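This document starts with one chain, in the form predicted alone, laid out as structure tokens.
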Amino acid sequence: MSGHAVPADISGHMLDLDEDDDLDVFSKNTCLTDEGPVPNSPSSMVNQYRLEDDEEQQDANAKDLFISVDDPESHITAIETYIMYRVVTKTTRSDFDSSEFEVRRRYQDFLWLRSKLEESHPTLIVHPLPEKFVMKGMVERFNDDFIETRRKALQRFLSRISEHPVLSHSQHFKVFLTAQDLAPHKKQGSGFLSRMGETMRAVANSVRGVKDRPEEFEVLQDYVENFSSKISSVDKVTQRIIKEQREYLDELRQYSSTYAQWAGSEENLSEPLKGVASCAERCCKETEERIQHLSEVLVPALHEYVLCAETLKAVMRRRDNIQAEFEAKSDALASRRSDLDALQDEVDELADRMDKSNSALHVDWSRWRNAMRTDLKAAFTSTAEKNVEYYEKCLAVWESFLVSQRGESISQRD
């Protein structure tokens, strides 16, 4: 696995960026005193923004299910190539037959788990999986960076499920973590015709729409649309920033090389030119670190919640479908009194299901939003810390150069 190399330029493979779709930037006036040198560490400024983690520590102490995804192995057959990951589970739950399990799973197995969780709990927010292909036009799917990025995303997916108060107790989740062979379990469930019928009903309900969505879910719908628009915009702008930073890094390297070559032909200016070249080279390293940090910390967090936004939209659609079916049955009950008893049972069942779905989504929404805010706040804070560190280091580099040149000038005059 590659460790600290700057990721390749992915800007050409990601979604097309609208150059005019910029974000508003808010600035805050700051004052720096002229006394004393610029601090080498940003801790004096960022400490006041540190996240409170007492609640997270308490949650960690209460966990009874620990899952890790590691040790990816490539498998090549006559018809396909795929990666198998080791999934290790440690638990203190009494409904498990053992305290530790180890299984091998491929990406399709994670897809099966997620589809089963959504099928069993249509109005709960099931954390998204990484896309099957992360980048458009990607030729080499199984390079080290791709595998490690996917491993982290799969680890996060399982961690989110294990932390969920309902989904973590799903029988499908338990099977996924413990069964050595998933094939027999995948064969179980509704058949093709049954799934086709459910799909057709969902399409019909979607076309029919809901007559009177509860106000709280109107508010949720608006929030989801706004959140999706904003997080997608931030994701695009961040991709553009990374692209521009890579271009700036290339130019800075040329800048450093030019000064280094110039120093060889100017004997009287050799030292100052070499100093500028050295400063530019050191700034290159800091810029490279900053690009890596943005690519490995901020971009994954943003893109994960772009996918979350699509998940939320799907959850809202499924909730609306349940309400649409309830309303359709209610209308049928009012117009066809001869089928009163049978329809009444269906209406009562759907009313109960709608109430439970609304309650489940309401509770899960609050839990998801808190997790989202914590994740993005951590990513933004980490990026801010890195930005402060980056600019302070670059400032220190150029200040040291100025000091050295002033000292040299004084000595020459003497």
Partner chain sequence: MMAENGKDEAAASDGESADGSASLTVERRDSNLLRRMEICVAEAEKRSGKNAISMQETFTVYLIETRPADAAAEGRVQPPESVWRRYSEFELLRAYLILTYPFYVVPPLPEKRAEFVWHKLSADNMDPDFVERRRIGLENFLLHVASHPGLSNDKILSHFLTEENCWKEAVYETGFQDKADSRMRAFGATFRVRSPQKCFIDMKQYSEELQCHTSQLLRARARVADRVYAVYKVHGNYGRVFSEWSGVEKVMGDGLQSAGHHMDSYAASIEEILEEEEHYADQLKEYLCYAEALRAVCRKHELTQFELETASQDLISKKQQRDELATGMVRTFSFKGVTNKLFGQEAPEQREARLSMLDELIADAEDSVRAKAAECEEHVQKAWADILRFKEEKDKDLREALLNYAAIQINMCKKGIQVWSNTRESFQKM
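Note that the coordinates shown come from a computational prediction; the quantities given were computed from them, not determined experimentally. Numbering follows the first chain given and starts at 1.
There is another form of the same protein, the form predicted together with its partner chain; it is not shown, and what comes next is about it.
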*Give a yes or no on whether each residue among 237, 276 and 394 has a heavy atom within 4.5 Å of its partner chain in the predicted complex.*
yes
*When its partner chain is placed as it is in the predicted complex, which of 82-90, 144-152, 240-248, 167-175 ends up with heavy atoms within 4.5 Å of it?*
240-248
_Non-hydrogen atom contact residue 290 with its partner chain in the predicted complex at 4.5 angstroms_ = yes
*asked:* Does any part of residue 384 reach within 4.5 Å of its partner chain in the predicted complex? Heavy atoms only, please.
replied: yes
*Does its partner chain come within 4.5 Å of any heavy atom of residue 66 in the predicted complex?*
no
*Indicate whether its partner chain has at least one heavy atom within 4.5 Å of a heavy atom of residue 218 in the predicted complex.*
no
_Can you pick out, from 158, 252, 301, 343, the residue that has a heavy atom within 4.5 Å of its partner chain in the predicted complex?_
252
*Just one of 317, 230, 285, 186 has a heavy atom within 4.5 Å of its partner chain in the predicted complex. Which one?*
230
*Going by heavy atoms, what in 368-390 lies within 4.5 angstroms of its partner chain in the predicted complex?*
369, 372, 373, 376, 377, 380, 381, 384, 385, 387, 388
